[in-house]
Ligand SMILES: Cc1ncc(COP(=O)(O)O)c(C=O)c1O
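Starting off, we have a lone chain in the form predicted on its own, written out as structure tokens.
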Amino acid sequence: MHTATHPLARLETPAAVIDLPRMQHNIQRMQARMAALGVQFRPHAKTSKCSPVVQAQIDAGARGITVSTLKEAAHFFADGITDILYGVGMVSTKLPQALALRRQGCDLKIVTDSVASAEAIVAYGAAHDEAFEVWIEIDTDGHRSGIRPDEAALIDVARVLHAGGARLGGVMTHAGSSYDLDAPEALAAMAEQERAGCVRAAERLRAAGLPCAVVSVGSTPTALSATSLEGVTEVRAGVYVFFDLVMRNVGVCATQDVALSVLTTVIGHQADKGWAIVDAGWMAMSRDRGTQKQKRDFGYGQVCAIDGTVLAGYVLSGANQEHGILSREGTPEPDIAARFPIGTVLRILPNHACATGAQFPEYQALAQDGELATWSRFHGW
């Protein structure tokens, strides 16, 4: 389709575009994999923060969602989703928000990984006659938060919760270090490490006479690389819905699977440098340079034609606040102005879909038939 007649050509730039066929393919792929492995799937809404996207995940068979903020929890509860895990360690100042949601009928689960947090949760619950459902976060890879599977603190935290009147719902973990891998064997090994560690924590709780119904694991790389999830009850993953260039480099998707892009227009040139200047800078793409430490560095993003066709060798090599620098990798383009005339509309695939999505208040959802819909995205905490 000629650029001028493409449905995206009428949009103001920069704009965040969702390729709906790609998104639906990604959703179906993950849901089918979870079904084959015999576990429930709880997608992470933090990637899109968008009701129609999350509804598509639910429609495909997801059971509940994960959120990264209580604002997300309130938003999706208002949409009618009740089974929500707030997947960030709970602090006492946020307990009133969590209580309000539960009092409204939201089946909100909260997370802790310390005795101090557990004590605050049970004290607040006792004072307000509320039995919070709490999951204990397990550290299976040294990446970020959680209690190691064999630490004594696991039983200490669980006993504080159980004895204090909270509902000890289970254990959860996130193998975020999987993002640093790029070999199938290493990804499979990390998925097994994640599974085994979380199951081990659950077994220790049960052996101590404590309840542990849920064993929740997940990251996009491990979810797509696991060969067995024995002992696991559910998986969580988020960025898979859009994918991005970091995930492409990890090896769990192809460039053609990336469903989020930034629409941009060529606004000028630096011919002697082989640059085209576009109106998508880091305010549109985000400052995330996640591919910089991987084997393939895409700068601030992979350049594509307006129809989504990858323009191999062309990347957004630099960015200022509202200006992006488009250039060819290796030898500079000898006639960049002829290759990308002023007014040319392009799409840039992002390094990190979550970060790029967060730069925009709305998405332009592009269907197979060329129909466009505007889907709002929300911000804040």
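From a predicted model like this one, the values you see are computed outputs, not experimental measurements. Numbering starts at 1 and runs along the sequence shown.
The discussion below concerns the form predicted in complex with the named molecule, not included here.
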Practice task
Only one of 236, 248, 109, 195 comes within 4.5 Å of the named molecule in the predicted bound form by heavy atoms, so just point that one out.
Solution key: 236
Exercise for the section: Note which of 33, 328, 46, 339 lies within 4.5 Å of the named molecule in the predicted bound form, where distance is taken over heavy atoms; exactly one does. Expected result: 46
Problem - Distance check, residue 219 to the named molecule in the predicted bound form, heavy atom within 4.5 Å - result: yes
Exercise for the section: Give a yes/no on whether residue 179 approaches the named molecule to within 4.5 Å in the predicted bound form, heavy atoms considered. Expected result: yes
Exercise for the section: Considering only heavy atoms, tell me if residue 144 and the named molecule come within 4.5 Å of each other in the predicted bound form. Expected result: yes
Problem - Distance check, residue 172 to the named molecule in the predicted bound form, heavy atom within 4.5 Å - result: yes
Problem - Contact segment among 74-82, 297-305, 151-159, 219-227, judged by heavy atoms lying within 4.5 Å of the named molecule in the predicted bound form - result: 219-227
